[in-house]
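Next up: just one chain, as structure tokens, the form predicted alone.
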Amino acid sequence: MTVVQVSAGWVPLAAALLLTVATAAAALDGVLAARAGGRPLGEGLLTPAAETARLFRQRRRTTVAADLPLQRIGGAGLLTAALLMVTVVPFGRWTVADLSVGVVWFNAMDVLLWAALWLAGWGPNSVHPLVAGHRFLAQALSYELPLMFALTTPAVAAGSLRLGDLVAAQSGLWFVVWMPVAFVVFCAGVLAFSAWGPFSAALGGGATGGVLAESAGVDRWLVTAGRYALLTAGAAFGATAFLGGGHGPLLPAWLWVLVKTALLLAVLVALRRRLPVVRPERLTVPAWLVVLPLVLVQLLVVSVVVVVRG
């Protein structure tokens, strides 16, 4: 499948598509929350609109001696990183940026989130958000290396860092079939850099109150929207790198990408209430002593298969 880079004029359309799918993810999360709470499902379906209206009416909160530029740069950084992630993801036969190092670009945008969430915690000049920002950094130190090798695995199989080549290499067999460990580790990494589900300690309602303890109004909306956008961007990348991208019968390639992204995104959203939140300090040992060796073994197996096929 040949991937064609479109002109820069399509960037607003790509951003609108990302936000639309992220809104659908927020609606699904609202429906699941309503179902768990015994409320009408229609009420949950309207959660994105209701929360947006509420937060846009709410005044921004300002603390004493806050570093407002850094706080707002950090809050907007999540949504910005998600938009930059999807620029390299092929939408069927089209992509916004056909980079030869697309896998590295995606990983670099993930690292950008380290600074964004830490700045969101530093900016308010308040103890609780600052502690939460450092908790996210501790979590990032645990998940980043396994995620990096999980991303390396399909790149080794395709012999390229370009996402179009990853899609082409899956024309006969999707990568998820023979690299399931890398796929599971990648999905866990998406949850982690989105601060979602079991990895939401930095934004949860624990003792520190989370990074958003001093945020309100538009500032809180940007972080919340950014998390859903990051989940969407991660699901789109996973559909491309592991689930065959646009490959599939009957439907056009772009629709297959959308369907696979939506299905993977729905699973990621549903995991929010299925798994308990893990404290960041408890992630390091299993991440480095269990998950990292497993994903390295997966990478070794894929490398051997590639060499034998030769």
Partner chain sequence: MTAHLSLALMLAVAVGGVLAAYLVHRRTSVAVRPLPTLPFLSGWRPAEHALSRFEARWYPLTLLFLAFDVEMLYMYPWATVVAQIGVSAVVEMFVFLGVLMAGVLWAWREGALEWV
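Numbering follows the first chain given and starts at 1. Here the structure is a predicted model, which means the values were calculated and not measured.
One more form of this protein should be noted, the form predicted together with its partner chain, which is absent from this view; the next part is about it.
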In the predicted bound form, is there a heavy atom of its partner chain that lies within 4.5 Å of any heavy atom of residue 173, even though the partner is absent here?
no
Exercise: residue 21 in contact with its partner chain in the predicted bound form, heavy atom 4.5 Å:
no
Close approach of residue 8 to its partner chain in the predicted bound form, 4.5 Å, heavy atom:
yes
is_contact(residue 14, its partner chain) in the predicted bound form, heavy atom dist at most 4.5 Å
yes
Students should find that, of 168, 184, 141, 177, the residue having a non-hydrogen atom no more than 4.5 angstroms from its partner chain in the predicted bound form is 141
Given a 4.5 Å distance limit between heavy atoms, list every residue of 141-159 close to its partner chain in the predicted bound form, or none if there are none.
141, 144, 145, 148, 149, 151, 152, 155, 156, 159
